[in-house]
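Coming up is one lone chain in structure tokens, specifically the form predicted on its own.
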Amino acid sequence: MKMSIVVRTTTKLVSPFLVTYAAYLMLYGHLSPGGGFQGGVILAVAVILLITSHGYKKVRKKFKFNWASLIESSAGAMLVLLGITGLAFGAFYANFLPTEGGIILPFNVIVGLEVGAAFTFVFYILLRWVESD
């Protein structure tokens, strides 16, 4: 179903702001309310808005199914690696970075990428299932 020009234009205008806000939540989640999960959900919403307003076939040319899968898998592997690296410093997910917030900042960014890619991946799978009917 094709959306009206108003909906398509609005989503094109809103999506970059959603991506920026998602990055803000992921990067400052250790200092303010927010975090990786919230940022990832908003990141996925930006892509899902574009898919619903412009159609799956048009959007999947720029946001490929395999990219979402690759980012989701890589982020999961990085989360495990971050936890195992902490083992070298005494405990699983031990805080080994001497910065403010320690490993919380990279943890939030990785979780945000994981959640955003996973929600987008699930949405792609649901769309494929709907198209097959």
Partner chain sequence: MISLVVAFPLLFAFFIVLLDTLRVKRHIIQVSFLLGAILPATVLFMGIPKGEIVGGWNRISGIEVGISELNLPFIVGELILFAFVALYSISYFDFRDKKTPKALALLLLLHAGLLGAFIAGDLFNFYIYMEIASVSAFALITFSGEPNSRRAAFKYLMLSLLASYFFVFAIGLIYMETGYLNLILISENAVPSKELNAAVGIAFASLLLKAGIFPLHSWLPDAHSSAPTPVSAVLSGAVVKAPAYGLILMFLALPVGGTLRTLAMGTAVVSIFFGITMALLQRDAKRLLAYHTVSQMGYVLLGIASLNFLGAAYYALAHSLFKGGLFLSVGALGRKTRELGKFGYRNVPIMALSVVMLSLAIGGVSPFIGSYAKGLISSGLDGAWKYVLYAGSVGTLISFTKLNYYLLRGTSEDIKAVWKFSSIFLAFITLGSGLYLGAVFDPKDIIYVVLAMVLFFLLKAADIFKKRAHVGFGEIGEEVNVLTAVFILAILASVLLQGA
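Positions refer to the first chain, counted from 1. On a predicted model such as this, the values are computed, not experimentally measured, just so you know.
Beyond the structure shown, there is the form predicted in complex with the partner chain, which is absent from this document and is the topic of what follows.
For the chain shown alone, residue 63 is not a contact residue for the partner chain in the predicted bound form, no non-hydrogen atom being within 4.5 angstroms. For residue 31, no non-hydrogen atom is located within 4.5 Å of the partner chain in the predicted bound form, even though that partner is not displayed. Contact annotation for residue 106: none of its heavy atoms lies within 4.5 Å of the partner chain in the predicted bound form. When contacts are judged by a 4.5 Å heavy atom cut-off, residue 52 does not count as touching the partner chain in the predicted bound form.
Partner proximity in the predicted bound form, defined as non-hydrogen atoms within 4.5 angstroms of the partner chain, places exactly one of 37 to 45, 68 to 76, 55 to 63, 23 to 31 at the interface: 68 to 76. Taking a 4.5 Å heavy atom cutoff to the partner chain in the predicted bound form, the contacting residues in 68 to 106 are 69, 70, 72, 73, 74, 76, 77, 80, 81, 84, 87, 91, 92, 93, 94.
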